[in-house]
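Only one chain comes next, encoded as structure tokens, the form predicted on its own.
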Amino acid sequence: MYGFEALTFNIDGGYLEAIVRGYRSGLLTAADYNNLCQCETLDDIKMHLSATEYGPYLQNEPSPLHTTTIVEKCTLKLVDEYKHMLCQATEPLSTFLEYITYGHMIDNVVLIVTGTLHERDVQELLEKCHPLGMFDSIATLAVAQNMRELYRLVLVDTPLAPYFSECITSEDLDDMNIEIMRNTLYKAYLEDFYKFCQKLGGATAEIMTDLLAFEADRRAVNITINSIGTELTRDDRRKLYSNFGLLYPYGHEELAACEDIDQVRAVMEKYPPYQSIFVKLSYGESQMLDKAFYEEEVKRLCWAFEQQFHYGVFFAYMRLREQEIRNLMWISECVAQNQKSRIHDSVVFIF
């Protein structure tokens, strides 16, 4: 019942909410980012990070460092924190935490299937998979030739199985089909997660509805922009949009008809929360759109911590930490390639 979470929330969720708020205080600040932007080498970045919570994970890494090593160790920290929270969680929080990883599972499935299609080594692909999205039978994905086999041989025993109902066709896997599969799976996943949060009710439903609606709308915009100029029909495009969010249903109808980026912009400017995002972009420009969306997402994720007694903080913390790792990867790449002038192009400050 909304407004009465305080009566019972702390029985099962109080300890973990305190833990996740403690984790949040360890996120890098604007001062940390300013120092990182001054670094000349990756070893300088390691030295600065040694004073943060990433220190123990990087301290035994020998020189010369690589960007992949920094990202890998920072991701390991996130995975350790996630596993600690999952071990302590009881229902329904444990199910909520598992939902957070399904997106990574979908990305890993797509990575393995795409890599196999292009005859890449499976072991090499497994190393690139996100550790939060691993499952037991992931290595056997390489044997599948079409969606039906992919489901029957591998995915039937994973949490993704229910999301495959719309994907099962006998068509051979190619780049276009795989991308449609990714977006169809994501649509089913977001809708399922949305329904689960609605069922939980209270502040969790209120905050997660906003965060998931934003994610659904962002994916709708990205699908529209990426499918301009392809053979995807309006109806095919419309089927890939999630059936909730601020743009649902009328915005989806308009986006499905868009033929270029300026038409997408015209649709999005009708919605006040997204108007501010598109105001930052020049006409005909889409390169900076991802950063503008990430900045808006970070703002919303930070707002989730303003309320108590809800599960949204766990989702918000995981997303903020993932954004921080993206920031560190970009800074490290710019430093490694001697492109320091471009560091601020993609860094999204969290606080």
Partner chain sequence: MDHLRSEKMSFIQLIMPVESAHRAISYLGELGMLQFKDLNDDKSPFQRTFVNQVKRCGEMSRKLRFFSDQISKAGVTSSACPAFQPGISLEELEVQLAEHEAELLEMNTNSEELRRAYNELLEFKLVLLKAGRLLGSSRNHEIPAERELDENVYSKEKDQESLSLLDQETLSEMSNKAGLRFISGIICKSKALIFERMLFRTTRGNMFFNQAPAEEHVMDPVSGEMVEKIVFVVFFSGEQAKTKILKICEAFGANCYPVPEDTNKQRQMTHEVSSRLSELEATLDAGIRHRNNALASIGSQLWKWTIMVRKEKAVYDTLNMLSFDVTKKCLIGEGWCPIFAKPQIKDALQHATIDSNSQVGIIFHVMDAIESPPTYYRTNRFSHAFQEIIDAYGFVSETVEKIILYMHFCSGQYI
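Numbering follows the first chain given and starts at 1. Because the structure is predicted, anything quoted here is derived from the model rather than measured.
The discussion below concerns the form predicted in complex with the partner chain, not included here.
- Out of the listed residues 262, 235, 121, 91, 121 is the one that sits within 4.5 Å of the partner chain in the predicted complex by at least one heavy atom.
- For the residues 48, 66, 291, 326, the 4.5 Å heavy atom test against the partner chain in the predicted complex is passed only by 48.
- Mapping the unseen interface onto this chain, residue 301 falls outside it, with no heavy atom inside 4.5 Å of the partner chain in the predicted complex.
- The shortest heavy atom separation between residue 149 and the partner chain in the predicted complex is within 4.5 Å.
- The partner chain in the predicted complex is approached by residue 35, whose closest heavy atom lies within 4.5 angstroms of it.
- Interface membership of residue 53, defined by any non-hydrogen atom within 4.5 Å of the partner chain in the predicted complex, is ruled out.
- Remark: of stretches 78-86, 95-103, 140-148, 199-207, the one touching the partner chain in the predicted complex is 140-148 (heavy atom within 4.5 Å).
- Contact here is defined as any heavy atom lying within 4.5 Å of the partner chain in the predicted complex, and by that definition not a single one of 127, 276 and 295 is a contact residue.
- Although the partner chain is not shown here, in the predicted complex the stretch 47-76 places heavy atoms of 47, 48, 59, 60, 61, 62, 63 within 4.5 Å of it, in sequence order.
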